[in-house]
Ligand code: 5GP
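Given next, in structure tokens, is a single chain: the form predicted on its own.
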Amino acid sequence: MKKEKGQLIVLSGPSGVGKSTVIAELLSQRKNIYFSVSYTTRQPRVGEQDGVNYNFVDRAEFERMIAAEELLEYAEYVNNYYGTSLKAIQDRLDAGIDVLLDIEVQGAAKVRARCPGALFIFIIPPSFEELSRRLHRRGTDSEDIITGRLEKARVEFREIPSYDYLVINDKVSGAVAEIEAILTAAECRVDNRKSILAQFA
């Protein structure tokens, strides 16, 4: 049964919690879901593809998009802009396709203000020690950067009460199963099944 309207899903969580892995697994299991590719002004890293990892644009183009109100949300980090295209999301939601956003807590707060019907899910590790272990295991960051990431995680954790759901990523399969359950419950909301109700009136 085709849905009348797609569900906007916002996923947040600290660096190192395993969001990318969880999202990749979720997308492989659920077909009717679109992962929104953000726009950014930063340079592509080795192996990154335009339109796959990010839509890479220059600063002038990004600022044109801001001025034209083409972005659902945007933020600036380390002198680079990151943002989400409003049209790309709206077109898919209107077509009955769920849209998944992977954004940090600041961006999520902006989306909450503009899209109160969105589902907000925060992913946490089983413990703070485990988060530290995962960041060290990556082997990509210096000790200073890891310390900074852990401090930022503590700040982000304070925003958890403003989310709808909390998913614990102990095992990827378990985290994906929890998100699947949340999405199934959302589809069963009376509001989302109004078209079926008409025949019973």
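One rule holds for the numbers: they count along the sequence shown, beginning at 1. Everything numeric here is computed off the predicted structure, so don't read it as measured data.
Absent from the display: the form predicted together with this ligand. The rest refers to it.
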Checklist entry - Which one of these stretches, 92 to 100, 76 to 84, 126 to 134, 112 to 120, sits within 4.5 Å of this ligand in the model of the complex when only heavy atoms are counted? => result 76 to 84
Checklist entry - Applying a 4.5 Å heavy atom distance criterion, does S15 contact this ligand in the model of the complex? => result yes
Checklist entry - Heavy atom to heavy atom, is S38 within 4.5 Å of this ligand in the model of the complex? => result yes
Item to check | Contact flag, R30 vs this ligand in the model of the complex, heavy atom cut 4.5 Å | outcome: no
Item to check | 4.5 angstroms heavy atom contact with this ligand in the model of the complex for Y54 | outcome: yes
Checklist entry - Exactly one of K171, R64, R154, R42 has a non-hydrogen atom within 4.5 Å of this ligand in the model of the complex; which residue is it? => result R42
